[in-house]
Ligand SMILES: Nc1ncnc2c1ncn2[C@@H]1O[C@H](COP(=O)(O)OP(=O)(O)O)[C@@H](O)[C@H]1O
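Here we start with a single chain on its own, the form predicted alone, put down as structure tokens.
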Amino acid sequence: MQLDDILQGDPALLYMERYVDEGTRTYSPFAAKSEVGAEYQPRSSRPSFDLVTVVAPRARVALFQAGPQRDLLEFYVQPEEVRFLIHPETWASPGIDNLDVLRTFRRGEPVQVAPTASTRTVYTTATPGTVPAHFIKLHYPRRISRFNRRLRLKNIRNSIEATRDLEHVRFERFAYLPDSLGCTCGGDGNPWGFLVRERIPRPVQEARFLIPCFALYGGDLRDPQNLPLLTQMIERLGADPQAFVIEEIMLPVLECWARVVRERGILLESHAQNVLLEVDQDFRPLRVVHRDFDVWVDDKARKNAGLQDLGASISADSPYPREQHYSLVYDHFIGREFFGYLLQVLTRFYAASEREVRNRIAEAFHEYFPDADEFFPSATTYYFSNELLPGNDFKLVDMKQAPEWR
């Protein structure tokens, strides 16, 4: 992909989501695994497919809202009925909870979408009238990477509540794609549904372009001779490579993450798939845009800050202490699975100093998180074990490795 292609807007964003990820999934033996049919995977040559739509009685659907755009809300929710979306592979699968109920409702017009990098989150490729293009996160009970991608009522509620809470974050380099509307159906046991994620980051700014952060360093599947977008950006701006990556990408990601977790107790999973770089028309980085908010919440930190519970509590929902969750999210999701790949570009193309880069980030980490010793294991890191457990159970294990980014 060429850097100037980014100025195409939505088509470029979708292309990056689907095809500019070569070499980005080497951090785990499960990272590139998927039980999804080939035609529904991001790398498919199929430009789009239709979601199944049923028209559900309003009384049979639970709604969750975080200030959705009016046209979006009215597209999905009417006084007496709700447009309810199901992935076609889920619709065709046997044994799905509550699917027999949904099959009793009349069918509606399908919604045309294409998959994004996460597979079960799709992007609308055609919308009627004034309905803006948007993302849709779906119930997809198949294993993608490590986990089964169910989307239960609790997941949806957590995403909506976190979205509402993030409205309180005030930092010029921070932005987010709001999960603004959630719907579930199935009052008797295990209700599931879908989330609507808006395309325009909040706080709203005009004339901006988005780059999924994995596409900064990923190869282009369809045009492999192109240099990484990060390298093209550095050359276009005439920037010092090491300083640019540290000051314009790594430090803003780190500061956003530290501010949100310290001020709101929300452990944003700021790995390269969940973070986008917002740039202007000259490709100067402006903000770090976050997405996907079904995340862990440090209820102790929120209580100490005088904030109410959000529901996704580490202490109530996990057998592991918060120190291990903090290490998982920062040391691995952000450090090893994001910053490590940026560092590879710097050392491969520019012979940057690995030691200097790590030391600068570690220094900033303690500046932004001065009481980190109360939240992190001091001399090691924790990550998922190399085993797949039933359902979505997981095991965190001591990696017996000194932290490299703090």
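Residue indices: 1-based, along the sequence shown. No experiment lies behind these values; they were computed from the predicted model shown.
From this point on, the text means the form predicted together with the ligand, which you will not see here.
**Report entry** Position in contact with the ligand when the complex is considered in the model of the complex, options 313, 231, 242, 118, heavy atoms within 4.5 Å
**Finding:** The option sitting close enough to the partner is 118.
Query - Proximity to the ligand in the model of the complex, single hit among 327, 90, 273, 163 (heavy atom within 4.5 Å) - result: So the residue touching the ligand in the model of the complex, by this definition, is 273.
Query raised in the report: Is there a heavy atom of residue 194 lying 4.5 Å or less from a heavy atom of the ligand in the model of the complex?
Result: Looking in the model of the complex, residue contacts with the ligand do not include residue 194, since no heavy atom lies within 4.5 Å.
Query raised in the report: Is there any non-hydrogen atom of residue 145 lying within 4.5 Å of the ligand in the model of the complex?
Result: Contact with the ligand, yes.
Report task. Determine whether any heavy atom of residue 55 comes within 4.5 Å of a heavy atom of the ligand in the model of the complex, and answer yes or no. Result -> No, residue 55 is distant from the partner.
Query raised in the report: Taking 4.5 angstroms as the cut-off for heavy atoms, does residue 25 touch the ligand in the model of the complex?
Result: Yes.
**Report entry** Interface stretch in the model of the complex with the ligand - options 259-267, 273-281, 79-87, 95-103, non-hydrogen atom within 4.5 Å
**Finding:** Selected stretch: 273-281.
Query raised in the report: All three of 248, 287 and 365 touching the ligand in the model of the complex at 4.5 Å, heavy atom to heavy atom?
Result: No: no residue has a heavy atom within 4.5 Å of the partner.
Query - Sequence-ordered list of residues in 291-322 near the ligand in the model of the complex, where near means a heavy atom within 4.5 Å - result: Going through 291-322 in order - heavy atoms within 4.5 Å of the ligand in the model of the complex - there is one hit, 292.
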